[in-house]
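Given next, in C-alpha cells, is a single chain: the form predicted on its own.
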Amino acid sequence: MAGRIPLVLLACGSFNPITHQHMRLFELARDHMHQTGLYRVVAGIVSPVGDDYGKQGLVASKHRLAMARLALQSSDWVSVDDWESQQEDWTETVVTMRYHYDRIASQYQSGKNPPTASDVPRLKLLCGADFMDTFKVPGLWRDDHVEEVVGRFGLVCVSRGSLQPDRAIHESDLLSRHQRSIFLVREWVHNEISATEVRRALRRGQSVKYLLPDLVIEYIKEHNLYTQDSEMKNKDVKLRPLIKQTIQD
C-alpha cells in the first residue's frame, strides 16, 4: 500500500457497553477505505464519552473504559483512549477530534526526520448510520462543529439495518456540500446488536453470550453493572450537549 494516505479512524460514543457491533465497525471501515485505493488505515481509536454526558443508564467511564480494553485485547490496530472521558465536562466531538489530530501530528513531528504532509495520518470520524440522524436533533450540534467534523476531517459511516445515511446527507444542505468527505460503508452481513437491548437483557437476567465478548460479560457480572437501579441513572436529565448549547447561545 505504498503511496497511500495513512488514516486513523476515531469512534466516539457511550460504549455502554461495548459490543461486537462496535468492533465490527472498525473492520468494515478499514476494508472499505483500503478498497478505495486511496487510504491505508494505520490505527483505530475508541473514545468513550465522559460521565457528564447525561445519558440515561450511563455507567461510570472507568467501567466502560475497562470493558472496551478487555474487548479489544485481541486487536493489533484498535486501541482505547481515555482523554475524552477524563475531561471535567462533557467534550464536543469536534474538540476530541482536534485533540487526537494534534496528538498524532506531534508524534510524527517529534521524529528524527521532518515529516512531509503525506506522512502525517489523516483523521476521520467512524460512526454507525444512526449517528447521522443526530445532526438533525435541534440543539445537539452547532453548525460550525458539523462543518469542521465533516469538512475538515471527514466521516466514515457504516450502514445499519434499514437506516439510510444517504438520505440524511440528501436532506442536509451542509452535509451535501461535503458529501465527498463522507464515506458510506455497506454492511452486507447485518448485525443488529444494540447496546440498549443488551442492557435490557442484562437487567432482566437474560443471557447476552455471543453479543458481547466473554471477558466483558465476566466484568459486568463481577461489578454488578446494568441493573434496574443503574438504568435509572440520569433519568429525566437533559443531555449535556443540549444544556451547553443553550448556555453558549
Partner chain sequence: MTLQEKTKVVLLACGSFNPITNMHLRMFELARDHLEDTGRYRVVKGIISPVGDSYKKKGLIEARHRLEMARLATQNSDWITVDDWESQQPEWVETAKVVRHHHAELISSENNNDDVDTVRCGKRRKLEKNKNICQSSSYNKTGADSPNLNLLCGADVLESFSVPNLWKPEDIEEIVGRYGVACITRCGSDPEKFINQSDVLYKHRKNIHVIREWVTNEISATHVRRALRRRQSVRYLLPDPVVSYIDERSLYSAESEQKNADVILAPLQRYTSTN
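Numbering follows the first chain given and starts at 1. No experiment lies behind these values; they were computed from the predicted model shown.
Not pictured, yet referred to below: the form predicted in complex with the partner chain.
- For residue 11, is any heavy atom within 4.5 Å of the partner chain in the model of the complex, or not? So residue 11 does not count as contacting the partner chain.
- Query: Does residue 36 reach the partner chain in the model of the complex, with heavy atoms at most 4.5 Å apart?
  - Reply: Output for residue 36 is no: heavy atoms all beyond 4.5 Å of the partner chain.
- Could you confirm whether residue 74 comes within 4.5 Å of the partner chain in the model of the complex, counting heavy atoms only? Because a heavy atom of residue 74 falls inside 4.5 Å of the partner chain in the model of the complex, the answer is yes.
- Using a 4.5 Å heavy atom cut-off, state whether residue 52 contacts the partner chain in the model of the complex. Contact with the partner chain, no.
- Message: Each of 102, 108 and 119 within 4.5 Å of the partner chain in the model of the complex, by any heavy atom, yes or no?
- Response: The answer is no; none of 102, 108 and 119 reaches the partner chain.
- Message: Tell me which stretch of 177-185, 43-51, 56-64, 206-214 has a heavy atom within 4.5 angstroms of the partner chain in the model of the complex.
- Response: Every other range fails; the passing one is 206-214.
- Message: Need the contact residues for 14-45: heavy atom within 4.5 Å of the partner chain in the model of the complex, sequence order, or none if there are none.
- Response: Those in contact are 20, 23, 24, 27, 31, 35.
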